[in-house]
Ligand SMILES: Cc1cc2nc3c(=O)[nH]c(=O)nc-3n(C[C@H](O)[C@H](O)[C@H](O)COP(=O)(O)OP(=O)(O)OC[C@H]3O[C@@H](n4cnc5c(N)ncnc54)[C@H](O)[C@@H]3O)c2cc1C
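For reference, the chain that follows is the form predicted alone, supplied as structure tokens.
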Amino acid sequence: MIDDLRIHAGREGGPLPTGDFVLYWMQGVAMRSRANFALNFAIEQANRLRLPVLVYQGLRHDYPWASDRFHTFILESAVDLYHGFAERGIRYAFYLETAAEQTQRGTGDSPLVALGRRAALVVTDYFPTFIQPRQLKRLREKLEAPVVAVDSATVVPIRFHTREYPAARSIRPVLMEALPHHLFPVPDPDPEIRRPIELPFDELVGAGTDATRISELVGACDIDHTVGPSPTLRGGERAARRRLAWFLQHGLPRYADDRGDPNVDATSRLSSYLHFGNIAIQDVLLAARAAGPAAQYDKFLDEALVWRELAHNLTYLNPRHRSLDAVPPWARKELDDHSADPRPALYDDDTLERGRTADPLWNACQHSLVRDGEIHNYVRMLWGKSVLLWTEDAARALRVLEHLNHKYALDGRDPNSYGGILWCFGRFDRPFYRRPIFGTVRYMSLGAAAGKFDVKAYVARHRAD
């Protein structure tokens, strides 16, 4: 049975007795065929109602920052899902809205709504930010069947927390006390009723879809084709498991010592896979705990559990998490008081996006983001803090960071995105020594990075193409 704290129900009644199936509307935040609480809930309800379960996922063209990068990663993930669900005897259907499909459908019901009208119950993924809350609200308004969202993204359910935590030190003991009850191998119940389900669309993606076909399909979509697929990160459950296996063998044993060096591959690099839900955070932590050593696991646990769930707590309980209103009053005041301080340079949006500032390290960080879709954890902090130096005020700096991160980062558009970006403005932090522009908000120096890692080597690796 699914913990009630993971269930985010609306005001709907019970399942419709006339429904043909239970529909699990899988979104791009839980793209895995196992260890998935929302899927498990859908299967449990389908078995109780003696109905089959249908897993549906749609990919439209009009989500914010839609591009070849995200479309490709999602389609690669979908190919893995066809394999994974086939092994479990679960029907999975993926709808891709190409430009031609968009024209053909016109103003009629979307496939999701059409399927939802035939369902006894709709289950979906709960996610506290980006477009998911709005999509959930709209679907509930259109359907008679109840729509229940399930939290599959956290270890300790997001509803477990009744208040917003200001810092890691305040949520850490709460999480550690709750962890033994919530960290366990997630079981995978099997559907008991199987029967064919007719779809209101043709499937353009399947288990046999290869990279060439994915490229063709992405090219047929009305999205931003200037942001290409990542050359280093492939989407899907199999890629996520391969990366986890590599990290357990090569990265975790030196994680505490080397994770701050961007020239050493000692971090998990699983954030993109966790954002899209290709792998469950429970599986990651259990595997890391088993692999050890204990001291290295403890440090990884603090990063992967405490800071990650702190960000989920922020976006769940603070509706202003996309603005400076989510920054502590002391930090807002400091940034406001120093807004008139002279800047060493002021760069327009295009200069920043192209990585053409006067600082080679910052440019290299930006080139890594634009080309690969990821930035190393430590230099990402330097990258974010520096934008405050080069923009007129904190409000513009926040807009620039949100845009650059969400447009290029495969792990963007996530609670962690807002937790990390807002940290640059003082969220989750304390006052430090006063400096120009920052006031007492923590300052990080690009120049001082040379004392922490080989900056020249990093810059050489991430020069503009």
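All values reported here derive from a predicted model rather than from experimental measurement. From 1 onward, residues are counted along the sequence shown.
Below, we turn to the form predicted together with the named molecule, even though it does not appear here.
- Exactly one listed residue, out of I158, L139, L274, A239, brings a non-hydrogen atom to within 4.5 Å of the named molecule in the predicted bound form: L274.
- Note on the partner interface in the predicted bound form: the residue among Y165, F201, Y347, Y255 having a heavy atom within 4.5 angstroms of the named molecule is Y255.
- E144 falls outside the set of residues with a heavy atom inside 4.5 Å of the named molecule in the predicted bound form.
- When the named molecule is considered in the predicted bound form, R371 lies well away from it, no heavy atom lying within 4.5 Å.
- Residue contact check for E303: one or more of its heavy atoms lie within 4.5 Å of the named molecule in the predicted bound form.
- Taking non-hydrogen atoms only, I375 approaches the named molecule to within 4.5 angstroms in the predicted bound form.
- Only one listed stretch (210-218, 131-139, 349-357, 260-268) carries heavy atoms within 4.5 Å of the named molecule in the predicted bound form, and that stretch is 260-268.
- Contacts of stretch 377-404 with the named molecule in the predicted bound form, defined by any heavy atom lying within 4.5 Å, are made by N377, R380, M381, W383, G384, listed in sequence order.
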